[in-house]
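Here you get one chain, nothing else, as structure tokens; it is the form predicted on its own.
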């Protein structure tokens, strides 16, 4: 511990460049282990020195400082400590605002690194409300930076903005802001649910949709006349299969007559998330009727064949069948308006889980 503490004296902004570089290189290496992180997180002066060096005029020093913060905030305890301590720094160092400024600066060299810090911080639900206070005035700029692939002129990709937005929608206020016409956030984010070049960007976008789908308040927004959100959910589940003219007429126009080159989402975790979105949308009679009218059953019918033979992920097979089992029934058979009003005893729920697992295993064997 003493040897770590001794490094602080070499991390003052006015210290010689070579001494700062050596000390910070050692600090960065320490953040690669749990013991090293614990040691640094226990030293407030060390953390404050790292905060200061993130703004150093030397690009290498600033980069190593920000990389250290990425590692230090990777777990919840570290993220909370860094966030709360940063608020105490004089002059002010509001870390969420510092990160946002770097991300929206199209000339920032470290925009990607700062987006990873902010992604780590926003993953902690207890911090999200406070971070939203800071970020709300910048949401439109952040969305613009995310949606414009060549936004950063220093080759930062800004893919981690997707998990940042996803994390913000953990809470009700984040979902409200995302769905507000004022910011047009959802409109700008949706196309990236099928973004082939980055699973981080794609996964974060799908996570946003999932968080919104799990909040029944927004089901009418999701199943709007434009079909844009429904298309974002369904497109990654679609393949090149041909449908009859009758079935095609049901589908949103963007999903009709897809090319032979059309492929499905390759990540089974993301496929499962999309299917869980559809299951949540099956909660009420009105939404179920919309899904049937839009050809969701027909898409899942073909998807199920593919998953059972090609994808072969048991969780995805089950998630698909859970949706199909509802959509294939007539409303008279279902006999209730809202599935979420049904309470299942814990012992019965556990029994259903075991039966589902046994069934899926037999299907894929």
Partner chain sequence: MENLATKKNWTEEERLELAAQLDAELDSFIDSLEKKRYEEGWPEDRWQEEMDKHPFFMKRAPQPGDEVHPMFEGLQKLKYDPEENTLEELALNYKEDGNFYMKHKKFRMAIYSFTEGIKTKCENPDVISVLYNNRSAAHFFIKNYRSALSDAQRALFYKPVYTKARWRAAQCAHELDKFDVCSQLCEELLEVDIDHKEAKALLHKNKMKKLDTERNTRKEAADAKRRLTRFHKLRDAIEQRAIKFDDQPLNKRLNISEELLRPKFLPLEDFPVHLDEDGNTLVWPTAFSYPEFLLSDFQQQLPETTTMSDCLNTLFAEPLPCDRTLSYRPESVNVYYENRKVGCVHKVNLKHTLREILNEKGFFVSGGSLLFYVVPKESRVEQEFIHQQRRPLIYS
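Positions refer to the first chain, counted from 1. Values in this document were obtained by computation on a predicted structure and should not be read as measured data.
Just so you know, the form predicted in complex with its partner chain exists too; it's not on screen, but the next bit is about it.
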item: Heavy atom within 4.5 Å of its partner chain in the predicted complex - the one residue of 110, 275, 255, 96 that qualifies; value: 255
item: The unique member of 184, 154, 173, 285 whose heavy atoms fall within 4.5 Å of its partner chain in the predicted complex; value: 184
item: Residue 249 within 4.5 Å of its partner chain in the predicted complex, heavy atoms; value: yes
item: Any non-hydrogen atom of residue 242 within 4.5 angstroms of its partner chain in the predicted complex; value: yes
item: Contact flag, residue 188 vs its partner chain in the predicted complex, heavy atom cut 4.5 Å; value: yes
item: Contact test in the predicted complex: residue 91 vs its partner chain, heavy atoms, 4.5 Å; value: no
item: Stretch in contact, per heavy atom within 4.5 angstroms of its partner chain in the predicted complex, of 222 to 230, 119 to 127, 81 to 89, 266 to 274; value: 222 to 230
item: Residues of stretch 140 to 158 in contact with its partner chain in the predicted complex (4.5 Å, non-hydrogen atom); value: 144
